[in-house]
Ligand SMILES: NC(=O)c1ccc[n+]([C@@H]2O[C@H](COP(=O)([O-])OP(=O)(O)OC[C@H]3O[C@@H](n4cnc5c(N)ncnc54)[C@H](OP(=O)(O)O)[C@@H]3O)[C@@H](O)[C@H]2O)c1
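Single chain ahead, written as structure tokens, the form predicted on its own.
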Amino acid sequence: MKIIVVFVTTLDGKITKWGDPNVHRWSSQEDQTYFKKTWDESPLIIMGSSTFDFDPVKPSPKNRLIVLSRKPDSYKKYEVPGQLEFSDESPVKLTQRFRAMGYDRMLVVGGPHVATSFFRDNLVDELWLTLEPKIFGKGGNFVVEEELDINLKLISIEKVNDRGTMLTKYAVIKNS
């Protein structure tokens, strides 16, 4: 199963503008269209509870969304089996479960804590970053402050507007 982490970031690496988690206020229309298409084409999507709490996603038969939380029982009212589920599984256990179920791709879309945990456990195969030509100086990063040493190799880059927004895809170089 291929595990892909997807984020939009400024050139100085910020995923929030001064702490505001609403990327729709600052990301380009091209990124938003790309993200929606990527989401719609993904059968399995993982996000953290903070991302879900900010913008609760409605269940869809198009994909299965798993929200990671330390308290999954507190989200029971939102659950729709096979479409929207909440779990406290580790990234390793979650990956094993869905790999055994035959999923061939997992998209990790939200939350620096979730992304960091997948990177830390050496589970990520690709990183898809939209680079917006902006600098915020202050804001959140797509990984939390933790000692990581991840090497990447550029797979593709595409300029999608006149301002210079770029869709980039990187392969994670796995350490043996």
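Quantities reported herein were computed from a predicted structural model and do not represent experimental measurements. We number the residues from 1 along the sequence you see.
The protein also exists as the form predicted together with the named molecule; that form is not presented, and the subsequent description refers to it.
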Discussion item. Quick check on this chain: which one of 63, 28, 50, 38 has a heavy atom within 4.5 Å of the named molecule in the model of the complex?
Written reply: 50
Worksheet entry | residue 134 within 4.5 Å of the named molecule in the model of the complex, heavy atoms | no
Worksheet item: Looking at the partner-bound form in the model of the complex, is residue 59 within 4.5 Å of the named molecule by any heavy atom?
Response: no
Worksheet item: residue 16 near the named molecule in the model of the complex, any heavy atom under 4.5 Å?
Response: yes
Discussion item. Since only the chain is shown here, I'm wondering whether residue 160 would be in contact with the named molecule in the model of the complex (any heavy atom pair within 4.5 Å).
Written reply: no
Worksheet item: Which residues, if any, of 79 to 101 lie within 4.5 Å of the named molecule in the model of the complex when only heavy atoms count?
Response: 91
